[in-house]
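Below sits a lone chain in structure tokens, taken as the form predicted on its own.
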């Protein structure tokens, strides 16, 4: 049996696991915090160590398994042909030759693709979008990423930047994004942005029990706390979630009109908000997008919770090295 080590590098966590070439499961799955503040070298060292541990763990779980290589998903934009992270705002990286640094360190063939591309490709390969021809996906975590699958192929565009839905502007004079622009959906609907909007509301005098969830430490509020309070019936938290749904719905409506996908799959921690997010989101899309496009499209949460990026990184390795999934 051949396996590919899939690496999902995010601004908050690094997830590594080994995926058989048939995509049937994940071996030796592990997650660690991304040491962003310690710099790129520290991040690479953690990835290399986790790959080594994954190889050992896989050989214990599946004796005789052959490790074919490493697929890496990283924030972009990227140059996938040269294996370079051109700019990663949430990691503060520029022109990082990540693919070759990892390949040299672990002595295995390695590939690089966008982390959101990988998550969406993983959901198309083995998850919520399996079987669809035309898929658009959003990944919502430390940032907001996106990916496009057309006829079973990841669409990279002319210079590897296709699918950067998180940097769609929804307000010309809006919040400043880490990319340097203003009004990006990432500045409103990423995990940190959801938390920031909640804290701003509390500081402005909103009535809410949110602070009780973090013993009064507003800095400890994150998106998961907001979702939990919303599920518990907190009116202000429910309002924050509804506003998030509206922002995302407006963005997705534009994507639905532009690309007419069969499936829009939404991955990441935001799915924990459940139907309190998805119901108003779908309604916003119905209100804004053309009816035939809406009728043809399912908007669904990702099915590969915590592993979509690992599956997709392995799948992109197969495409880049072997020419097919």
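In this text, all values refer to a predicted model and were calculated from it rather than measured experimentally. Positions refer to the first chain, counted from 1.
This protein has a second form, the form predicted in complex with another copy of the chain, left out of what is shown; the following refers to that one.
Only one of 299, 293, 62, 48 has a non-hydrogen atom within 4.5 angstroms of another copy of the chain in the model of the complex; which is it? Exactly one residue meets the criterion: 293.
Could you work out which of 235, 100, 232, 171 is the residue within 4.5 angstroms of another copy of the chain in the model of the complex, going by heavy atoms? Of the listed residues, the single hit is 171.
If you check in the model of the complex, is residue 271 within 4.5 Å of another copy of the chain, heavy atoms only? Judged by the heavy-atom cut-off of 4.5 Å, residue 271 is well away from another copy of the chain in the model of the complex.
Taking heavy atoms and a 4.5 Å cut-off, does residue 242 contact another copy of the chain in the model of the complex? Answer no; every heavy atom of residue 242 is more than 4.5 Å from another copy of the chain in the model of the complex.
Please tell me whether any heavy atom belonging to residue 160 falls inside 4.5 Å of a heavy atom of another copy of the chain, as the geometry stands in the model of the complex. Residue 160: contacts another copy of the chain in the model of the complex.
Is residue 165 one of the residues lying within 4.5 Å of another copy of the chain in the model of the complex, judged by heavy atom distances? Although another copy of the chain is absent here, residue 165 would touch it in the model of the complex, with heavy atoms inside 4.5 Å.
Another copy of the chain in the model of the complex: contacted by all of 9, 93 and 106, heavy atom 4.5 Å: Answer is no for this spot.
Exactly one stretch in 123-131, 174-182, 193-201, 106-114 has heavy atoms within 4.5 Å of another copy of the chain in the model of the complex; which is it? The contacting stretch here is 174-182.
Residue by residue through 36-55, which ones have a non-hydrogen atom no more than 4.5 angstroms from another copy of the chain in the model of the complex? Heavy-atom contacts within 4.5 Å come from no residue here.
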